[in-house]
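Form predicted alone, single chain, as structure tokens, below.
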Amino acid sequence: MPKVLSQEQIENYKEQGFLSPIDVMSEDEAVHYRQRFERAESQYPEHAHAEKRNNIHLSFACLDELVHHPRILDVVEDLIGANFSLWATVMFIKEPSTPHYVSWHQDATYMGMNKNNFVTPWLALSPSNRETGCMSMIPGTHRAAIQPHDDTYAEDNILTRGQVVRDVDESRAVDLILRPGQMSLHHAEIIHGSQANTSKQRRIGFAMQSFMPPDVHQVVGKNCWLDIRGENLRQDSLSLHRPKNDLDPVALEGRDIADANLADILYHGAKTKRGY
């Protein structure tokens, strides 16, 4: 029996490739987490600047708490089962009135996994709407194959390669409007993107990218995992450690390994690398 979701919600996720919005916490609680993150960001900028926002949960205790939030994990369990690990996280921040955007793409394209049956929760720590540059999904596109992506390296594109799927029918796009404390969840193969933040406030979204069952493993780089729930046996796997506090040295050592590994995987076969 599902822990949080209704059977209808589960079927909608399977059919559409995403689910939104899901309440995780109150807006006040989300503001509290945002404040904790922004204090840490200000105090330790070398661990959270625009070119170092992957695997940030291994640096800051407040983000470690979020990747272990019981309601998030219960929803993930409803979608992919009781055994899963976390591959990585990304803090997606769009500063006020900036041109940065995310092109139409599929997450699984460059992630190097043997299977793509995994899910990404995206938690809003600030309002995520059309003005601030919310995510948009093309429903049902996860049920087709991975589409060809062009590496554009466009200056304002937040993605590593500026990768883009061409000829997307944008008339079908669904905007995922979230208040602080709500999350969306999406399948690894759904086509999605987001526009620039034209507002006067930061748009802060914390992507847990992604929670994966034990039959999913890395085939391009090293297997580096933070085990979350149940049994997650993988061969030749490096187990990452939760930070006991901000900048826990053991967790930071794991972050350095995971960051370098993730960069190698995301840029596998690429002609060019850039800082993020």
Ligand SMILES: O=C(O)CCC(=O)C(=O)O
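Just so it is clear, the structure is predicted and the values come from calculations on it, not from any experiment. When you see a residue number, it is the position in the sequence shown, counting from 1.
If you look for the form predicted together with the named molecule, you will not find it shown, but the lines that follow are about it.
Enquirer: Though only this chain appears here, would Gln209 touch the named molecule in the model of the complex if you measure heavy atom gaps against 4.5 Å?
Expert: Looking in the model of the complex, residue contacts with the named molecule include Gln209, since a heavy atom lies within 4.5 Å.
Enquirer: Can you check whether Leu79 is within 4.5 Å of the named molecule in the model of the complex, heavy atom basis?
Expert: Answer no; every heavy atom of Leu79 is more than 4.5 Å from the named molecule in the model of the complex.
Enquirer: Examine Tyr153 and determine whether its closest non-hydrogen atom to the named molecule in the model of the complex is within 4.5 angstroms.
Expert: No - in the model of the complex, heavy atoms of Tyr153 and the named molecule never come within 4.5 Å of each other.
Enquirer: Indicate whether Arg203 is a 4.5 Å heavy atom neighbour of the named molecule in the model of the complex.
Expert: Flag for Arg203 set to yes.
Enquirer: With the partner removed from view, which of 80-88, 185-193, 165-173, 144-152 is the stretch that lies within 4.5 Å of the named molecule in the model of the complex, judged by heavy atom distances?
Expert: It is the stretch 185-193.
Enquirer: So, a 4.5 angstroms cut-off on heavy atom distances: do all three of His32, Tyr44 and His57 pass it with respect to the named molecule in the model of the complex?
Expert: No, the whole trio is out of contact, none within 4.5 Å by any heavy atom.
Enquirer: Though the named molecule is not shown, can you say which of Met135, Ile138, Leu73, Val119 has a heavy atom within 4.5 Å of it in the model of the complex?
Expert: Exactly one residue meets the criterion: Met135.
Enquirer: Taking heavy atoms and a 4.5 Å limit, what residues of 85-119 are near the named molecule in the model of the complex?
Expert: The stretch touches the partner through Phe92, Lys94, Val102, His105, Asp107.
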